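Okay, here we've got a single chain as structure tokens, the form predicted on its own, with questions on binding and movement later.
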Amino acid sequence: MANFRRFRPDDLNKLSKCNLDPFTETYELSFYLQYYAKWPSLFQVAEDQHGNIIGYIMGKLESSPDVYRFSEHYLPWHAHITAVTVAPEARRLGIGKLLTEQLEVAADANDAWFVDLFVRVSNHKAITFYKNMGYSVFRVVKDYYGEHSTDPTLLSEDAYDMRKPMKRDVKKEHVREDGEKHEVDPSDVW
């Protein structure tokens, strides 16, 4: 079974197995370290019995700047999943689910309205995974990804902005059932 713990800077050299998936975004080292410094409780890893990183989740807590408070695209205090991935040999063991649930517990502890994430519309396995965990599509972000993961002839790919309400959102004000019908531009997303 896997051991779950907070990310440490020396884990950076161990993420490669997880980042080989074409649906997984790989970032510059400074990006990972920024998350470690600002939101350490939302950056968790799963390691096997040999100390190999077999999964991780990176998240943050944020809201839109106050200047956008009256915009239809304003986002109140929420948690955001920046990345969650599991190494191919460790998939279908519940590791991604446990990592996501840990982030959701942290979101509730920090009084977040919801947890959101972006996922490529072509990543059907991830979409099904998140829907099974209670997430729904809130909106479609047109041309969010600068390259297409499965068709090299396409220059971009849309993303689903998926959300799951947290305990604070008793009235489910920050989710919707018809999110696939709501399209926005990347400039509308903060």
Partner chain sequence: MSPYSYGRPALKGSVDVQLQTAFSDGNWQTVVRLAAKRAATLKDPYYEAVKICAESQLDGTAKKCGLLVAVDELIKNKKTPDIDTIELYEWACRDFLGYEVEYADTLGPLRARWAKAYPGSSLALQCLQACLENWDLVSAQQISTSLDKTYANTADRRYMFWNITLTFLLSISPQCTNASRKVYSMLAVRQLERAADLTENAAKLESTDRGLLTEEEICLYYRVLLSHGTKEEFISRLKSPKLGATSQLKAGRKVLLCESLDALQTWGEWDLIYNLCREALTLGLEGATTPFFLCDLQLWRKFASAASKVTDSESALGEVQALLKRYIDIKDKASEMYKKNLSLALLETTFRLPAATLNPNHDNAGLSPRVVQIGLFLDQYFERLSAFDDVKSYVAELGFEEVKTLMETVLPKIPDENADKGRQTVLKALECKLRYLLSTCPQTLSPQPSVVDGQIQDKAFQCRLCNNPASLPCETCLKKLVVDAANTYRQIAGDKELLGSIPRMDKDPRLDLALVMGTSLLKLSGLRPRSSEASQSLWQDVEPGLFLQAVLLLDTQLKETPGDTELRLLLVQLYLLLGCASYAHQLWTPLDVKRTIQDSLSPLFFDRISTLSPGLFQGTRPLMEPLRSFYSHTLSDKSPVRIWDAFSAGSYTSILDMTEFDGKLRRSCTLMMTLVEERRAIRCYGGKIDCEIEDHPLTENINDETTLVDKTDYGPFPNLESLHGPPIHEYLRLGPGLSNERSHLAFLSEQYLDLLAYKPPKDYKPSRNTNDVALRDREYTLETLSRLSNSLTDFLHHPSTPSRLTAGETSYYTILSLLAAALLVALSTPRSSSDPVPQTLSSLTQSIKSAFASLQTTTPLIPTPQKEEGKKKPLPEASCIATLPEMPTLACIRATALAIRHSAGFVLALDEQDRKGGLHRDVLAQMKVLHELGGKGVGEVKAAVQTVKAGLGEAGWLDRVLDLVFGEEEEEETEEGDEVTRAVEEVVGGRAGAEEWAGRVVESWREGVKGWGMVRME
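Residue numbers count along the first chain shown, from 1. Being a predicted model, the structure only gives us computed values, none of them experimental.
Another form exists, predicted together with the partner chain; not displayed. Remarks below refer to it.
Review point. Looking at 120 to 128, 30 to 38, 64 to 72, 160 to 168, which lies within 4.5 angstroms of the partner chain in the predicted bound form, counting heavy atoms?
Key: Every other range fails; the passing one is 30 to 38.
Review point. Should the three residues N13, E47 and P88 be counted as contacting the partner chain in the predicted bound form, with contact defined as a heavy atom within 4.5 Å for each?
Key: Yes, because N13, E47 and P88 each have a heavy atom that approaches the partner chain to within 4.5 Å in the predicted bound form.
Review point. Would K17 count as touching the partner chain in the predicted bound form under a 4.5 Å heavy atom rule?
Key: Judged by the heavy-atom cut-off of 4.5 Å, K17 is in contact with the partner chain in the predicted bound form.
Exercise for review: Indicate whether the partner chain has at least one heavy atom within 4.5 Å of a heavy atom of N3 in the predicted bound form.
Suggested key: Yes, N3 sits close enough to the partner chain in the predicted bound form that at least one of its heavy atoms falls within 4.5 Å.
Practice item. Examine V84 and determine whether its closest non-hydrogen atom to the partner chain in the predicted bound form is within 4.5 angstroms. Key: V84 lies outside the contact set for the partner chain.
Exercise for review: Although the partner chain is absent from this view, report whether E25 comes within 4.5 Å of it in the predicted bound form, heavy atoms only.
Suggested key: Heavy-atom contact with the partner chain at 4.5 Å: present for E25.
Check your understanding: Quick one: which residues from 85 to 110 get a non-hydrogen atom within 4.5 Å of the partner chain in the predicted bound form?
Key -> Heavy-atom contacts within 4.5 Å come from P88, E89, R91, R92, L93, I95, L98, Q102.
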